[in-house]
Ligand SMILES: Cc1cc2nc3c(=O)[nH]c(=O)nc-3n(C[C@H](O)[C@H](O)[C@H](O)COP(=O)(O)O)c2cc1C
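Presented as structure tokens, the chain that follows is alone, the form predicted alone.
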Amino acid sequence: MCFLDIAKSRYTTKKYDPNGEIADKTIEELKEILRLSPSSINSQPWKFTFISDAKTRSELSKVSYHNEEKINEASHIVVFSVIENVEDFENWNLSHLPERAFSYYNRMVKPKGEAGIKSWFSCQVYLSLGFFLSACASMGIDSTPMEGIETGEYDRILQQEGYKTLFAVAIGYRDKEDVNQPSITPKFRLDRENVIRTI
């Protein structure tokens, strides 16, 4: 299947088959795909937590608003977290990068101050989200990106240290009756002329 066909068929899954478990080998591939995600200057200010444990998912579901059912029924939950401390990033991540990356950070990012730097960190994690969702779709795995979660509670439950939860993604296989799939509810996007410019 070409990528355009994948883009047409991919959708945000609302209901999962609770018996649709993703094979361990596939999960390992997804972990490696996330590790290889692109980021500006190869900064990688992230951590990804894969959760299959039913007890942990149940705890997380209770602090996930309207996403509770998805979290309990999906095969896995992947939590995307961003590095919390700017100094930790500068001492660890930057130390692994070439001089040109270090120079770019000091000229273009650091002058923005702590809030600007942390915003830049978060943008990198969102880049990995797009990469991950595309990878899942190409592998026939359904997904649900979720910002509607209590991130502080996620940090507490997962005992995060040095990283803060930004969002999570449920992954698994759709329930055949999921009404959000394009074969039942056609996908809506703005017309091309409203979002694409050609100069």
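Each residue number is its position in the shown sequence, starting from 1. Here the structure is a predicted model, which means the values were calculated and not measured.
This protein has a second form, the form predicted in complex with the ligand, left out of what is shown; the following refers to that one.
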How about Gly148 - does it come within 4.5 Å of the ligand in the predicted bound form, if we only consider non-hydrogen atoms? yes
Check whether Arg189 has any heavy atom within 4.5 Å of a heavy atom of the ligand in the predicted bound form, and answer yes or no. yes
I'd like to check something about His66: if you look in the predicted bound form, is any of its heavy atoms closer than or equal to 4.5 Å to a heavy atom of the ligand? yes
Residue contact check: Tyr16 to the ligand in the predicted bound form, 4.5 Å heavy atom: no
Within 4.5 Å, heavy atoms only, one stretch in 54-62, 31-39, 140-148, 156-164 touches the ligand in the predicted bound form. Which? 140-148
Checking Val109, Leu129, Val82, Val78 against the ligand in the predicted bound form, the residue with a non-hydrogen atom inside 4.5 angstroms turns out to be Leu129
Who in 6-21 is close to the ligand in the predicted bound form, meaning a heavy atom within 4.5 Å? Arg10, Tyr11, Thr12, Lys14
